[in-house]
Structure formats: structure tokens, C-alpha cells
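Each of two forms of one protein chain follows alone as C-alpha cells, named structure 1 and structure 2.
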Structure 1
């Protein structure tokens, strides 16, 4: 309903102003603003790549769509970006992957109140029913799938260590679901520390875990950047044969190792950075077609093993 009216209004508006050539161009083109965090770690780098790739493809496919992409390195900057888009670029829709939920909720709500289409990606806002479309990965699912893999592959229990990400809701949801999944399985979590989704930090944390615990059977690195650091620390200690590492998010180098049947990296869990592409595509559909796209779109976390690794391997992506 809404959508139809909007499309109708747009068409009508276009027809009415057609004689005013200069203005006509502006009116018939829908401008979609995309605001995402800057590439501060591997996953965000992949997300930036997919955002740009999707925008390029869509601009080629639809002549009447224009995109404004901005990347922010902190929540404050992201708020300014969105205000600038509203003030100077006259956007018709906003696709936003909030840096943090709380500080972005107000500004995004104001965009909605101006009558614009709002798509929220990955991190939900702290108030419900602001956005028209919500596209996200499944964070509890990410932790649960990982936990289930540990339970399945450690039937007799064992000792594991966990590397956590940057302290955020995302990280908490994942870890809670993971802990719930391994509960009662005899798997003991020796230690949990924050590796901040960063290779250097996780390298150092893993070095210290290795000094501290003489017996570790497996590592839940919970992210592929952290898995890289952890694997290097394990290699330095010469304890490669003792433990395997489960990362996550599907970095191409890790998928490659899963494909090759590496015993140290037996599996991976997806949390695709390409979800930003899904969000932009769906938002674009709202302006170029009549199909309904409002609602929620949750992209499940899937276990990648040697059998299905090939379909998750994207050699061109930076991540």
C-alpha cells in the first residue's frame, strides 16, 4: 500500500515537473544514502567492499537511482554524515549500519520522521519500529552454531579457551549463545579474554593463554582475524598438534584452509559482510519495482566444513 502510493506519487511528481528540465532530473531520481562504519577491521573491510560493489552494480542497472556512500570512524561522525545527507543530498532512503545502537537511534528516527525510507543493517536500533526494513546477521545463531560444533567434535568434553571481540552487544549475544550451547557437555572454558577482533591483540592474548594453560584442546577464536593471530601464537609455541581453532565470518584465507582440509582449521561459521549488499539491493527494489520489501530479513549463520566450503569462497573480496 504504502509502497504503491509512494511510487504513484513519485510518478505523478515526475510528470508534473517534467517541463522544468533542470528540476526534473532531480525529481525523478531516487537518492539512497548509505552510511556505514569505516574499514577498521577485516570484517568491516569486507563490508565496505561489498557496499561499494553493490552500489556500482546498481548504478549501472538502474539509471534513476543515485547513491551517496559515507564511512564513519566513530558514532559521532556517523550522526554528522546522516545529517549532511539529509541537509545537502536530499536523500529518499537511508541504509544505515549503526556504529552503536544508542547514539544512532535518535538521528535515524528523525530521518524516518521526515518521511524517508529507512533500512537498518546488522545492529538494531535501541527503539523498535523505526525502520522500514531490518537486515541482519544472526548473532545468537553465530554463537550457537559454533557451540554445537564444539559439542559434536568434543564428545568427551575437554578444555577450550575463548577469544572475544570488542565489548559490544554483538559479542555478548554470541558468547551467551555459545555458552548455552556447550552447557552440560563437559567442555570447560578455561579462559575468556577480549582480542578485539584484531590480529595483534589476539596473538598476544593467545600467547598468554598458552603460557598459562598447559592443556588446551581447542580454541573458539570467534572471528577469522582473531583466528589468524591465535594460529600464529600456537605455531610459535609449537603446539599445533594439540588444538584446533574455530574462527568465524568466512575470511577467504580461512575458507581456503577449510577447503584444503587443514586439521587445525576444520570449519568456519558464516557472518557474511555481504549482508550490506542484501540491504542495499532490497532498498533499491523499493524504488524500482512494486514488490514489497518491508519487514525483517535475518541471514542465518551457517557452518562451513570441507564439504560446502567452495560456495563460500570469494577470492576477489578483500576479506
Structure 2
């Protein structure tokens, strides 16, 4: 069963799970491991917040569920965390958002070969069909929506620079869709470098772009943390009036600027960090209900402009 619509899936889950709650509490405890990157940037901070909140809510609701949450600052640590979960906790399921795709593919495959349920979130593995469930934003859609915005707002073409994320399958999907959307538009990509979804790295990359290219009309930062770094570099160079910046993921500070009609930040594209909570909840359904949840669950990307920005502004959010 492919899960394409969140509301429908949760509605079904609620109908099935509520009558089974008492029964589930009498069953043997299932241990679910959750392995995610540490809060090295804003989106990851929001993801960590939603992961912890979801785990706390599920543990309170179901006595037969136990969770092991680990956060890793690099791929090597994440591999060690997962191996430790298997060796010391004998987890029944793994929810993993890979720090990077390639280094995590083998370790996650070994978890699957041990007969455990595997849910992969956001950054896909470098080999297909390992996981039971894949939960992510619409990464090709994310790139396509951004590219279409550039084409619409640069009808005569122009010069842009691009900041990519960490080398992963989702970054490839975003960039490929973006390039396809702007093809034939007269928009020239002067430079494209990895900002690693990091403000400091993106600040340095943007400084390099600014020193190399005297004429830049716009920037696709492809992430709000990278957009913050790029904007700071632009401000320090005194070139704010020369270019606008499109980030993505809905950081509240960026949505505020869109709401205020800031010409330098005219729009944004959604990619919610709360998807980790969705992945954990859907994985938990395997142990508290008979709801089928294998397949893909894709959350669409939406263009945020001044007209609809208020719908996506959450001032109390950590991101």
C-alpha cells in the first residue's frame, strides 16, 4: 500500500488504533530505534524537536512501545549508533534519516537482513528497495517548484548561482528537477557548489561566488539555513540591491520576511521537518494495529508567497 495522503492515512490509523490500544498494552514490548542527524542546522533542530515530541507522546499512549533515540554528528557515528541499537537493544524496527546516503546504505541493509522493519526518512539510501517504508518531502517537486518560480520571475533570463545541500540522493533529485525546470529559459547558472545545508559553509560559498561573479541576479539556496548564510555574505558585500534569494523548508524567520514583502526574500518552498514524526508514528502502527503502512509516503512541496505566507507561519516553532 502506497501512502500518498497523510490525512487519509492518519484517519485510517486512528480508527484502527483506538480500539486496539488496550490490547496493544498487553502485548510484548516492541523496541523502535530512531537514528537521526544531530541539530547541526535549523531544519535538523526542528526535526529533533518533532522526533522527541512524537516519541514521548507514543510512549505515553502505548505501554508496549519502547524507543531508542540517537543523534549523530557525522555518518560514522550514525553507523555506530545503529550497530549499538542492534547489539544492545535488539530493536524490532529502525527509523533512520541518513546523515549521508552512501555510508548508511550497507549498515541499514544489514538491519533489514536481520528481519527488522526499516523506515527511511528524507535522504534515501544509495540502493533501492531496502526499506519497508519511505517517508519524505517531494524532492523533485521541491526543485521543480523553485525552478518554475525562477522562470516566472526572470522572463528575460539572467545569471544565478546555486547552493546545493549535502551529497545525497534527495539533493540530486532537487537539483535535477530544478535544472529541468529552467532549461531553455535563458537563465544561466554561473556556479553551483555544496553549502551542506549549513549557514557557515554557505556563507563561505556565497562569498566566493560574489568575488568571482560581478553580475548575479538571483540565488537558489535550496534551503533556508543556506539562504541565511548567503544573505549574510551578500549583506557584508553591500550587494543586497542586486539579487534576491530563494531558500526552502519554511523557516519562520524567512516566512516572516515573505509575509512582510521583503524584496530580497520574495518566496519560499515547503519541506516540513515534522515529517520525522510522521515516519515514527507510521512505523509504530506496525506494532499497535493491523494498518498496512509499507510503501511510500510523499509530502508535496508548495510555493509560499506573500499571498499565502500566513498559513505557513508558526511563531512558536523551533524552526
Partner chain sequence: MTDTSATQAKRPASGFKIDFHVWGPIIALIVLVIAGALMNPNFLSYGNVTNVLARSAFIGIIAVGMTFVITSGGLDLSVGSMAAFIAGVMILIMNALLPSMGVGIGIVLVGMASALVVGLAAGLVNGLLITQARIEAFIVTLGTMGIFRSLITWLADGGTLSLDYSVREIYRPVYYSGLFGVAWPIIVFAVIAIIGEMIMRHTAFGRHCAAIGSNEQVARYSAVHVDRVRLATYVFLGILVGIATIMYVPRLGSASSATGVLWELEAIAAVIIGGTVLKGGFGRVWGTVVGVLILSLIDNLLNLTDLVSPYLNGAIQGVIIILAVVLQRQKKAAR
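Residue numbers count along the first chain shown, from 1. No experiment lies behind these values; they were computed from the predicted model shown.
**OP:** Could you point me to the form predicted together with its partner chain, 1 or 2?
**Re:** Comparing the pair, one sees that structure 1 is the form predicted together with its partner chain and the remaining one is not.
(message) Assuming a two-part rigid motion between the two structures, is residue 229 grouped with residue 296?
(response) Residue 229, residue 296: different rigid bodies.
Angle of rigid-body motion between the two structures, smaller part versus larger, in degrees
Domain rotation angle comes out at 17 degrees.
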